[in-house]
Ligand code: ADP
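Presented below, as structure tokens, is a lone chain in the form predicted alone.
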């Protein structure tokens, strides 16, 4: 500033602001803190977290996405890491902990380079070069997945360490059955829509009581006690309109001046209801599943005709029922004919735990199926459900891609070795960033070793030694603390999950690295009567001081 010149104030006096190295340091510390929070959950021997909310409800899980979703995170940079984890979960369904742990380590390694005077832009460029090379190497290391045995191994790996215990192998069979049932060939490609697999849960029993249903389970019971509880050779009508007399959309009054006409009016209502039941009976349907209400009178006539009926079935369940049974949804009862009815061997009401549910089973070549999860307690059932959903997603994308990778830290160790060699061909300061990337990748096998109670340094040394000898598929054997061939052990990782995890971790890490100024915006005002928000600290997790 020229001597004597008045300084120009751009921001309001007292506006909190962090600039340059201080801003970068705070952001990196927040990212490292949230990575440390979930790091102990990684791998088949990872620990669980108990999350307790303000009213005492608890969630027990070692699923990264669930933990981060339930955590009360304030720091803006930590929120970016959480968003990256959500993105990973939405895109591929697994690998959320890997993304967070890897992003935290990439920033930790970048911090060392920043202290040595390497610019953040050069670090970001080096990381992106490393990602391109990693993707190329992953493509070469991937093996073909073309049988159910491989898919089961993928499912077991996804289920391991998630409170499924000795049932992991049994549950993996159910997952593969479900995936094979809903997979389709389109334009020469395998497509698996996991939305067509309905996962229901009921506490009671054990995980080994979990069942695969070749059809759909509906969390509804029959509407009338006189209706049969079991219908064999079911002809199913799916109706998405109410089986009752609709109220007019405008205010209207019916005035009856002659008392003798009251009964005529009531009789006419009853006749209308009877006609509804008659139309269903004439179509040949012996099961009615209705998306909306069913009047008591209609219920009576359906029960009298021996027809099973359930009401207020969810739209999503109706769509799955149509895919499972081949039925077509109808709105107008005049459209119900034999051609629109679906088929199933059995429709029955069963009592599961304290609830009654409708089972539509024995569908021929269904394109929508169900898995009913059982477990000792509600918390166990919830965790098995999360594990099953992860397994379903990873098996589905493996079936679509037709390839997989060795697990147990084998891939990260091989990539680290290849990237160190590649960095020598790049040269310049980007070489330092690529070497930092390679070192960051080793956090995965290191963490797996730590969480298994092994010595992380000795384990990494052994692992590096084997990979230098050309044993590309060697990783950490958690059972006997050795370095073994992951392919022969059947420890498999999903190609798309691993690729997406590395890319997501680098994207969020480089975005954080490029931030050199953190300013409280005018939208960051605190709610009335509440604590300041916006860029508040993340208590105990490396957050900035509250604004």
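Bear in mind that the values here come from a model prediction, so they are computed numbers and not experimental data. Residue numbers count along the first chain shown, from 1.
Keep in mind that the form predicted together with the ligand is missing from the display, and what follows is about it.
Mapping the unseen interface onto this chain, residue 476 counts among the residues with a heavy atom inside 4.5 Å of the ligand in the model of the complex. Although the partner is absent from this view, residue 496 stays clear of the ligand in the model of the complex, with no non-hydrogen atom inside 4.5 angstroms.
In the model of the complex, at least one heavy atom of residue 162 sits within 4.5 Å of the ligand.
Residue 27 falls outside the set of residues with a heavy atom inside 4.5 Å of the ligand in the model of the complex. Site annotation in the model of the complex: the residue of 370, 157, 172, 286 reaching within 4.5 Å of the ligand with a heavy atom is 157.
Only one of the listed residues (358, 77, 98, 325) places a non-hydrogen atom within 4.5 angstroms of the ligand in the model of the complex, and that residue is 98. Here the chain stands alone, but in the model of the complex its contact with the ligand, taken as any heavy atom within 4.5 Å, falls in 406 to 414 among 406 to 414, 128 to 136, 301 to 309, 316 to 324.
In the model of the complex, the residues of 28 to 44 lying within 4.5 Å of the ligand by at least one heavy atom are, in order, 41, 42, 43, 44.
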